[in-house]
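So this one's two forms of a single chain, laid out as C-alpha cells and tagged structure 1 and structure 2.
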Structure 1
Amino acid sequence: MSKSNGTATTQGALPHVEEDGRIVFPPQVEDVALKGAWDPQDILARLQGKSAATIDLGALKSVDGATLALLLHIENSLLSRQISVHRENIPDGLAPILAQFPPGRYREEDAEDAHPVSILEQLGRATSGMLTDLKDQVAFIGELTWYLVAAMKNPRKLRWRDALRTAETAGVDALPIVVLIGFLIGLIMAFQAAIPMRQFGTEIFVANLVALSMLRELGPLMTAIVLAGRSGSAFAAELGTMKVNEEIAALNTMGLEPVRFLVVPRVIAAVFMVPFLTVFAMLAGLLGGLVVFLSMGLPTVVYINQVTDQIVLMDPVGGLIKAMVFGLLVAGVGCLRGLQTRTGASAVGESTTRSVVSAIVLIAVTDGIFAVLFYCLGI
C-alpha cells in the first residue's frame, strides 16, 4: 500500500484467488481509492475445472451491505457452475450476521434448472390464488362499507376536494367518449334492426327497439365498460404507483387508513357520476336511432311518439340503478387491484390489466343477475 496526496491506494482491497484456490476477502480500509476493475468472471476463470472453492473471510473486520452482496454474488456464481462453496476463518463477531445468509439461500435458479410443474400443482396454485383473492375482496368490501357508512353519517370527514377532482376526471372528462359510443351504438343497432323489419313493413318499430335497448340495457352497460377501461384502470394505476413508491406504507405509518383516505372519495365520485353519464349515453343512443329513422323517410314526430308510448318510468329508473351498481364495482375493483400491487417493474401494468378484466367480468355477472331479477319481478 502506498500513500499519494493524502489518499491510500491499494491493489489488494478486492477479493482475489490464492494459488491454493482460496478466495480471500481483504480487510476494509477507510479512505482507500480502489484502482482497476474487478469482474467475478476472473474468479470463475481461475477456478475452472475445480469442484469446490473455499472463501477465506478471516481478514474481514466488518460486513456492510456491499461486501455481503459481493459475497453472495460470488457464491451464487460458483454454485450455478456446480462448484461447492465453503466459508472459513469467519470472525466471531461476524458469525451471527453471516449465518443469516448461508451460501445458496438467495440463489436464483436458472429456467432449465427449475423443476417442471405438474397439472395438479398448477391447479393447486390457481385455486390457492383464487381463494386468497376472494379473501382479500371480502376484507376490502367490509372495510369499504364501514368507511362509506361513516362518511354518510359524518360527511364533513370526507375529502370532498379529492372526490370532486375525481368526479371531474372520471366523469366530466369521460363525457365525450361516452356520448360518442352511445350515439354509435344507437345508430348501429337501428341500422341492423331496419334491415329485417323492412321485409315485414315494420320499420316504425325500430324506435321501440332502440329505446328499450338503450334505456334498459346498453346505456348503463356500455357506460360501465368504458369507465372500466378508462377510470377503473386509472384508479388501479394511481394507487399501484403509490404502493410501489411506498406512499401507502407512509400513510399507514402516519395512522391514515388508505381505504378511507384514498378509496372512499373515488368510489363516491364514481357512484354519483356514472348515472349522469348513463343519461347522456341513453339520449345519445336515442339520437343515433333518430338519424336512421329519418334516413328511412319517417318523420321525427313518429319516432318521438313511438318512444314515449313504449317507455315506462321503470325502464330508465332500472337502467340508472344498474349504472350506480356498475360504478361501485368499477371504482371498487380498480382501487382494490391498485392496493394489491406488488413490487417490480411490471407490477403497475399487471394491476391495471387485472382491474379492467375483473371489472368487466363483474359487470357482466351483475348485469345477468339484474336481468333475472327484473324478469322475476315483471319489470
Structure 2
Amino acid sequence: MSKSNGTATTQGALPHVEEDGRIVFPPQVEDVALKGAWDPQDILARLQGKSAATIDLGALKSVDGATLALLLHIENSLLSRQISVHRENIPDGLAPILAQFPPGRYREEDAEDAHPVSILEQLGRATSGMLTDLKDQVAFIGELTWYLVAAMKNPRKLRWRDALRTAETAGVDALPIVVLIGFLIGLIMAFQAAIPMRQFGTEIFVANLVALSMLRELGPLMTAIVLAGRSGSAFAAELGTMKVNEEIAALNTMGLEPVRFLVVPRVIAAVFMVPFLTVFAMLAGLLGGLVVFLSMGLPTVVYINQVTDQIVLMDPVGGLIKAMVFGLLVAGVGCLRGLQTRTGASAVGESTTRSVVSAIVLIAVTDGIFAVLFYCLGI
C-alpha cells in the first residue's frame, strides 16, 4: 500500500458498488482512503435486502495487510447481515494469499473476544492474585527466618564475600546521598519552623524540634526510603535478571536454596549497614538545623545544650532499632520481588517497581506500628 504523499487522488482508490450490485475493488487501495472505507455503510445500504453479494477482485494488482483486512471486514459485515459472499475474477498471482483468508475468517474469534470479563471475575482474579502474593510472602518470611537463624548459628556457612560486597554497595556507596538528604531535611525543617517560632520568641526550640524529629523519626525513615529506592530496587533487578537468565534455576538444581545463597547475605548486609547510615543521617540533619540556628544569630553552644537537654538515650536507640527493622524489610521485599520475577522483557522492570512500592508501604506501616509501640512502652 503506497502513501499518496499528497499528490495522488483518492478517486477510484476505494471499493465501490456497481449498478448490477457487484462490489468492485480498485487496482490498489490507497491507505489515505482506507479510513473512510473502513465503515462500509454505503456498501451495506446499497445491498440492503439482497441475500448474496459478489466481490469482483479482477482489477486488483496487489494486496497488502490493510487491503486484505478491508476485504475481510466488508465480507464479514455482509455475512453478519445474512448476505452470502462470493469472490470472483481473482487474479492468478493473488489466489494463494486470498485463499488463506477466505470470507468469514476470524468471525468466530471476534465473537469470542467480544465476551467481556465480568466485574465479579475481575474481582475474583484480583483476590486470588493477592492471596497468592500473601502466601508467597508468608512462605518467604518463614524461609528467610529459618536461614537467618541458621546463619547466626553457623556463621561460617554464610557467604561473607557477598555480604561484604552488598554492604559496600548498599551502605558505603549510599553514604553521600544519605548525608545530603539528612542535611537538607534538617535544614528545611529548621528553616520552616524558625519563621513562625520567631514570632513567639521561641526560635531557640528549633534545636529541640530538629533533634527529636531527626533522631526518632526522620533519620531512620529517610534512610530507609533511600535504601528502598537505591538498594531494594537493585536487589530486585539483580535477582530478577538472574531469574530470567535461569541462574536461579541453576542454583536450585545444584541443591542451593536461593534464599540462603542470595537473600540472606543481602539482608544481613542491609540490617547491619542501615543503622550506620542512619547515624550519619541523624548527624547531618542536626548539622542542617545548626546552620539555620546560626543564621538566626544564636550560638552553637546553645544549640548543643538544647539538643542534649531534649534527647534521652532511648530516642536514638529507638531510631536505630527502627532502622534495623526497615533494613530487614527493604532488603527482604526487594529480594522477594526479584525472585518473583516472571519471564519477558518487562518483568525485571515490573519487579523493581513493585519492590520500591512494597518497601515504602511496609516502611510507613511499620513506622506507624513503632509509634504506637513506643507510646505504649513509654519510650
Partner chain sequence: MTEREPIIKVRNFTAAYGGNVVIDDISFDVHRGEIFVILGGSGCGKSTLLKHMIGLYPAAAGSIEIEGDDIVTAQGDHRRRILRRFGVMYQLGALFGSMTLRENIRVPLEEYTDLPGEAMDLVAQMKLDLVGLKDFAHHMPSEISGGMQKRAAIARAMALDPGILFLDEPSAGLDPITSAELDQLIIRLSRSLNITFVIVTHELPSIYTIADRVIMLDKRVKKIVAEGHPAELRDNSDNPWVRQFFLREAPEAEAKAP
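Worth saying up front: this structure is predicted, and the values here are computed from it rather than measured. Residues are numbered by position in structure 1's sequence, first residue being 1. So that the term is clear: the rigid core is the largest set of C-alpha atoms that superpose within 1.5 Å between two forms.
(message) If I had to pick the form predicted on its own out of these two, would it be 1 or 2?
(response) Answer to the question: structure 1 is the form predicted on its own, whereas structure 2 comes from elsewhere.
(request) Superpose the two forms on their rigid core, then report whether the C-alpha of residue 150 is displaced by 2 angstroms or more between structures 1 and 2. (result) Stays below the 2 Å threshold, so no.
(request) Please say whether, between structures 1 and 2, the C-alpha of residue 348 moves by 2 Å or more once the core is aligned. (result) Where the cores coincide, residue 348 shows only a C-alpha shift between structures 1 and 2 that is less than 2 Å.
(message) Superposing on the rigid core, I want to see if residue 57 changes position between structures 1 and 2 - specifically a Cα shift of 2 Å or more.
(response) Where the cores coincide, residue 57 still shows a C-alpha shift between structures 1 and 2 that is 2 Å or more.
(request) Let me know the CA shift of residue 75 between structures 1 and 2 in Å, rounded to one decimal, core fitted. (result) It moves 20.1 Å at the C-alpha.
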